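What follows is one chain in structure tokens, specifically the form predicted on its own.
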């Protein structure tokens, strides 16, 4: 069964629009959780397909490298963590291609970005049971650097599994998207992250979520997450959407055209 077939008869949000209260929450905080964007049947389809993608295509590592691990992890944990990741799931799976174009995602994203919305990339981050790696405080901007402002690139974070507190849910620093792009610690042996003496998980708001929930987030929002300490997998798919006029100058998917999921890309959008 495809996602489109599973969607028939599903209860959906009225016209897929965020209301003014939700929009105001996003403007203040830099993120907004939309509950049950995809229903149980659809999530079962995506979950099974994701199991296949992990088995056939994903790579497993200890997680992001860097000095931050000394702050976040006990000595006996630093080499024992695990992260499963892959990019651009829509190139490997019809179900995920349909998902990234679904109006229940695209419509609220367009409320933030504007009428023209381009898919930039997708990325799976799966934290295996018991040893799923934490993420240091960072902005996603550091991994795909663009010139535009906080709502010209929105990450939609689809939760494929329930993520209670003990699974390492996302944690956000309220209003940090208004700071704009920040300099990160990066370079050889360092995945981009913010200084651990300035930015702490303890200062961030934890956002548990259920399978089918989507968190919309500015790529300038400072966030991180703790370890997965349960006996179950914690799988999250990030879908990056941008205004096609938001010029990228460094990082993931640089120079690659994406699928237009709303509106149009103009020739002027690609001029340098």
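Because the structure is a prediction, the values reported are computed rather than measured. Numbering follows the first chain given and starts at 1.
In what follows, reference is made to the form predicted together with a small molecule, a form of this protein that is not presented.
Engineer: Does each of 127, 170 and 238 have at least one heavy atom within 4.5 Å of the small molecule in the model of the complex?
Structural biologist: Yes, because 127, 170 and 238 each have a heavy atom that approaches the small molecule to within 4.5 Å in the model of the complex.
Engineer: Pick from 217, 214, 50, 43: which residue has any heavy atom within 4.5 angstroms of the small molecule in the model of the complex?
Structural biologist: Comparing distances to the small molecule in the model of the complex, the residue within 4.5 Å is 217.
Engineer: Quick one: of 181, 110, 73, 157, which gets a non-hydrogen atom within 4.5 angstroms of the small molecule in the model of the complex?
Structural biologist: Looking at the other structure, the residue within range turns out to be 157.
Engineer: If we take heavy atoms and a 4.5 Å cut-off, which stretch out of 137 to 145, 90 to 98, 74 to 82, 193 to 201 is in contact with the small molecule in the model of the complex?
Structural biologist: Selected stretch: 137 to 145.
Engineer: Evaluate residue 225 for contact with the small molecule in the model of the complex, applying a 4.5 angstroms cut-off between non-hydrogen atoms, and reply yes or no.
Structural biologist: Heavy-atom contact with the small molecule at 4.5 Å: present for residue 225.
Engineer: Whether residue 69 contacts the small molecule in the model of the complex should be assessed with a 4.5 Å heavy atom distance threshold; does it?
Structural biologist: Residue 69: no contact with the small molecule in the model of the complex.
Engineer: Mark residue 242 yes when one of its heavy atoms lies within 4.5 Å of a heavy atom of the small molecule in the model of the complex, and no otherwise.
Structural biologist: It does not: once the small molecule is placed as it appears in the model of the complex, residue 242 has no heavy atom within 4.5 Å of it.
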